[in-house]
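Next up is one chain by itself, shown in structure tokens, the form predicted on its own.
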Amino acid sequence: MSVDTGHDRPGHAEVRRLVVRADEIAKAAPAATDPARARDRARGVLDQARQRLDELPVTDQQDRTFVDTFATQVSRRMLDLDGADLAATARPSAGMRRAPTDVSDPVRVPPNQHLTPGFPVLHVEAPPTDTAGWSVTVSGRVHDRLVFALDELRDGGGLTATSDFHCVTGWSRLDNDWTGLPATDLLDRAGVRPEGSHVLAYGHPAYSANMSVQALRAPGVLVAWAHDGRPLDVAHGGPVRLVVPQRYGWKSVKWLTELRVVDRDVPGYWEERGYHMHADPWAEQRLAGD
């Protein structure tokens, strides 16, 4: 994959060097004694490139083009590394019901997704170690800022909805039974103001994902605390996570802490790093420009 975008400015050469170095490590990884560890090294170099991109001054369109181009290239390489680490998705996950893998319905399974009987775990940050006193806040362009303790969310038992989960790295898990509250219920209780058009969903410790209010009101979108009849474990986003079946999984924010209603489409964590703003799996909207 080419990393050439034109003449260098201060700081640009360092970003190019880091991306090229990551490519060299990733290319050599299959022959390494520990390929997974080698890919982790490549991720570390890409993280350095991403941090350097965040620090670069943007004074004109040339700077903006460079930053946008390399943010997308770094994200694409991260996706490739994650995909290379997911051989375990061909196996069931310990302690979990085996999901079906014999479905080929193109209406149900998006393009270039493979089915897994398990439920792989991918994190940006480490899971929380203390979930006592967990709450979810609805804030921003609402009539009433509300804070829901976990017991308040669970009051009444919620509802169970079955949906499929599609990860941007290329795997899908079918027939997940999620138990929780429809996200639209929380929005309605807070009262979305007329100018409220989008939502930033925040997760511990500093993660976020964006979507329209309309997307959050879609059928099957839940603030969920159970999966397949069991309390949601921390590894899969417990004690409470967002579930958005119509979008790639990075929009289904783990360890949900806040739904902030805003008046414009504001990029979240991965969107700022080159991922697609909308993230429709059937249109393969993985990265900006897809």
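In this text the structure is predicted, and so the values were computed from the model without any measurement. Note that residue numbering begins at 1 and tracks the sequence as displayed.
Another form exists, predicted together with a small molecule; not displayed. Remarks below refer to it.
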| message | Contact with the small molecule in the predicted bound form for H198, defined as at least one heavy atom pair within 4.5 Å: yes or no? | response | no
| Wondering, does H204 line up within 4.5 Å of the small molecule in the predicted bound form on heavy atoms? | yes
| request: Examine R39 and determine whether its closest non-hydrogen atom to the small molecule in the predicted bound form is within 4.5 angstroms. | output: no
| task | Report yes if any heavy atom of V253 sits within 4.5 Å of a heavy atom of the small molecule in the predicted bound form; otherwise report no. | result | yes
| Proximity to the small molecule in the predicted bound form, single hit among V103, V121, L159, A84 (heavy atom within 4.5 Å) | V121
| request: Identify, from the list L187, L146, C167, A99, the residue with a heavy atom within 4.5 Å of the small molecule in the predicted bound form. | output: C167
| Looking at 70 to 78, 122 to 130, 216 to 224, 103 to 111, which one sits within 4.5 Å of the small molecule in the predicted bound form if you count heavy atoms only? | 122 to 130
